[in-house]
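Listed next as structure tokens is one chain, alone, in the form predicted alone.
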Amino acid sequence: MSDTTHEPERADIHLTELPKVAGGLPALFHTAEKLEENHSVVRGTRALLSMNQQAGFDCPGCAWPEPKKRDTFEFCENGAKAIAEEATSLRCSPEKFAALSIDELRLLSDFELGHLGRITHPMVLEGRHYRPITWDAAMQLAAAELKKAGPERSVYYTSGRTSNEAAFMYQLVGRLQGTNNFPDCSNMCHESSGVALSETIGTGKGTVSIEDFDHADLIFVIGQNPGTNHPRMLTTLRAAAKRGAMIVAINPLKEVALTKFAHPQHPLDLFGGVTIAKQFIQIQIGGDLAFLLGLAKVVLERDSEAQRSHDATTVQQKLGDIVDSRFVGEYTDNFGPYREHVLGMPWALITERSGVSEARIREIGELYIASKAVIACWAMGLTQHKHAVATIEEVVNLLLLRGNIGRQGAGLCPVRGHSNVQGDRTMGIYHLPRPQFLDALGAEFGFKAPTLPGQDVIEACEAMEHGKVGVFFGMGGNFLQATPDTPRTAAGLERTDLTIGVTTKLNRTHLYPGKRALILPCLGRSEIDPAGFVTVEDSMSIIHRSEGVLQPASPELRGEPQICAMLGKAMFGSATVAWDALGANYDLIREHISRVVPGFEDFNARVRTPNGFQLPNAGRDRSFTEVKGHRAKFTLSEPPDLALPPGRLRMMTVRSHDQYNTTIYGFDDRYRGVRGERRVVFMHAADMVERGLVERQVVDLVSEWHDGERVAEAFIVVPYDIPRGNCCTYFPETNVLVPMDSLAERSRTPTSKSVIIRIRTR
């Protein structure tokens, strides 16, 4: 109960009923509203008509692939918001920087920072103000500080917005310097997927194509909210649902978009929409591993029943229908120990740790057995837990049981966020690069590439905190707001000698600079780059071109590949690398890539075909070449004990519908019934009563860790349909509660989906 007797402080925020359908007319209205709000109606509308088209540019939002046959309006509401921000006519000019010190800029919200507009000139920090600087002077300063720092004290961070060409050039500069310090946004999101998939099927990528969704009987959507994070995925799921595929959603929150979706560009949908997930499993936070083990137990129990049959013909028929014995025998290892492990797991343990009844698990298990082609999709609801890698390995186990990897309509589908986060890795943005890649890179450019492991995001944060980083270079992204333990990250950035940010707009990372700082403004995806088009890789390993159509927001903007080339020339001269030529003609960069990165042979010709090309995949072709014995591997794991200390809650962080990653488009989340506010905590009504809390009460959130408490102040309590003992908040506002050393086992991903907190009344 509350330890206070006075009337609790309550906030005056607007809470609405949850909509019964996602998309529809409200999506159209909000698209128009964001274009108007950003003063980008003309530029934005022109850009939208070219976004995700074969002759246009790739949406900077999500990595969901485009179909071969595309609509005239091949974008979603959140993609339109992203372009409204990029195509804005607002400008963050040198005059605005002169008027506002970084201390004054810190007082603005992330939303307000974004609405200062596009940065128009390179800027350098002088005192507490950013001042304009020429490109040549900026490159000389960056080169001098990087040389002074040396390879061990230089950190090259990148976000997934970067193109293949920029990523390749970026890592080339760093490796010529001698470092593998390439932390990236994957460290904080899908690293767990990459580790789990690499160890079990020999590739860190998914095994499906978008065409597989046309043939799937059953689609699992696990730990994912596509309505906000990957809205174009709903078009694919809508088509699957309409033709009769069963979609099962597994998530702690009943997200509106997975219940019913009205496609804004299909008039008949506006009268009611299409039911997406006919089955919704409301699991407790972190209970996915136990639930997946339960599904596997149903399959194996039914298989055992078939084997006990006295009719040999029936046995073979049933065995083939339940466990794909031919696939398991030919393509997998460790099935026997896995079978014994799962069959020996008590149902009581599974139901307790999943939060789902045995009857419900058996019901979904029977649906799985009855389906001939099954796809499993997941996102950060699985990847940001201590046991994340084991959970994703259990997704693999479940699909291996019935041969649902490497055939039509079936496979593994980690759904990535940024539109080229997967391509970054393919191009070598990785702190643990493969020797084969380093050998090929060194042979192509005539140098010995560094082999020592580099720093991931958390290691980079800790190194900065201890004064062991001289230069932090951020190619896109908002590092400070994306990382856990926000005050510690901010203090670490300020201990560096130089911070460099390549960006289109100002964000909070730029306001916690090192002793010196540079902001280098780059072209957006929608803008014309005189050096040519760039390429990206989507979630399903399709490489395709992206070419802007708008005039740049300022003549001072440069393409990211060109910026890398300019820096390379300033650091190393042009004796061994033709930096000027590479910066002026991206075809030349692609020629280098074709000789370094497997699967990119004849890159320039193949990417000029209408739909690009798909990279080879050791899981999709069932070769499993990177796994010992060239066979997929069953793995064994125990479901985590999710019992909480008295009075505590398990908190997960999510996005609102009015944001993309750390970019805040507004303060509404209409799919969760919140208007005009982001500092909210969603709680089960019974948990509120137990603590003496009332709706709209203002409280503090406190996380407890071995090194002390962390506090997020002034959050508003909102009752919500979430399992007891669980709660939900938006990030980045509650990143302050995530300890820097609370990490997923093996992948070292921050555990942002599983933070133990208590509620402190004010």
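Since we're looking at a predicted model, the values are computed, not measured. Note that residue numbering begins at 1 and tracks the sequence as displayed.
A second form of this protein, the form predicted together with a small molecule, is not displayed here; the remarks below concern that form.
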Any non-hydrogen atom of Phe479 within 4.5 angstroms of the small molecule in the model of the complex = yes
With the partner left out of view, is Gln697 within 4.5 angstroms of the small molecule in the model of the complex by any non-hydrogen atom?
-> no
is_contact(Asn78, the small molecule) in the model of the complex, heavy atom dist at most 4.5 Å | yes
Can Ser747 be called a contact residue for the small molecule in the model of the complex at 4.5 Å between heavy atoms?
-> no
Met380, Val502 and Met652 each touching the small molecule in the model of the complex (heavy atom, 4.5 Å) | yes
In the model of the complex, the residue from Asn180, Asn661, Thr259, Thr535 with a non-hydrogen atom within 4.5 Å of the small molecule is Asn661
Consider the chain as shown here, without its partner, and state which of Asn229, Gln562, Gln455, Thr203 has a heavy atom within 4.5 Å of the small molecule in the model of the complex.
-> Asn229
Where does the small molecule sit in the model of the complex: which of 138-146, 277-285, 610-618, 398-406, heavy atoms within 4.5 Å?
-> 277-285
